[in-house]
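In structure tokens, one chain follows: the form predicted alone.
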């Protein structure tokens, strides 16, 4: 495939999909999008750490060949104002596995969220957000070490589908008239209207991926989070479809919460995954009070947005929270925070959200030896209290380092063996 502005590395091979699985060569070409605002700082720092871990883990037998792709403000400068060039979309599909920094999204106007557009254009239906505690990270919880959960958020439907009609518009009036006259709905005049689609197809494939993950990783439970007591035919249906997937497709691997008590006396059978559900509002409380009860969470789009950020706050904040948007095989890993433009080009911020998204990426391609080196180096740096300003202000006697300085510390730890 030829590109206008994207330049594939001279060396390396593309990741491919064979027999329904990723085929990762020893020298894969992986894509990266620098991102806007602080993106340049955190991307350059993270690239150095990822490369150091791969070099240390495999001694040159494996190496990532990076290919820069363009979205956001940098793309607009290259592609005559186009923030989401078609060739970038094509390259993300062609390369299969990529990672991106934060991208600009205006609030209340302007162009639509690039992140949402990317997820929908590529049908990256699962937003995967692991949330775990690292010793030494400042946390508001008494027992933050109990937090170790992976959130699977449905990425394509719900209120994020973008089916909205502004108050006073002709389309709004048509829809309002139909709702009132044909369906006898009651709501205030001049209301902005939106549609919340939740389908069996999208719900089941998301929940299926969550259950598969739990089985493969030896996780104890999958919790379906919903607001089905109020939105019975959208979020309530999400819950019901989840139980259908679990019992019809994974019968030999799972036990539902009802079955646990009715058939097993509350004693979890060995080697099984518990399938349970919780109402969304109580789930926020439970994640604070009893986080150890939750391993994998599968939920709808808006719930997942809120829950993943709330859970991240328990273990150090969104600044160190990784994430990925994944289809059946194609994956785009990402920093989960914003662009923080006031800190752009100051070499100041914590790169850990993007850094750990890269750790997820290394796990995804099966290079866990390298990803564990980064995890170990991060813990060692925290033990030394060598941290960026956001942690330093919460840690007595800390040594404050820059973005690049933190990357230096991690590379030193990796090369020293932790």
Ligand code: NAP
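As the structure is a computational prediction, the values presented were derived from the model and not from experiment. Numbering follows the first chain given and starts at 1.
Same protein, other form: the form predicted in complex with the ligand, not shown, and the subject of what follows.
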Interface membership of residue 343, the ligand in the model of the complex, 4.5 Å heavy atom rule: yes
The ligand contact at residue 335 in the model of the complex, heavy atom, 4.5 Å: yes
Residue contact check: residue 104 to the ligand in the model of the complex, 4.5 Å heavy atom: yes
Contact of residue 350 with the ligand in the model of the complex (heavy atom, 4.5 Å): yes
Candidate stretches 23 to 31, 362 to 370, 50 to 58, 382 to 390, one within 4.5 Å of the ligand in the model of the complex by heavy atom: 382 to 390
The unique member of 120, 339, 240, 256 whose heavy atoms fall within 4.5 Å of the ligand in the model of the complex: 339
Among the candidates 236, 319, 138, 291, the residue which, in the model of the complex, approaches the ligand to within 4.5 Å (heavy atoms): 319
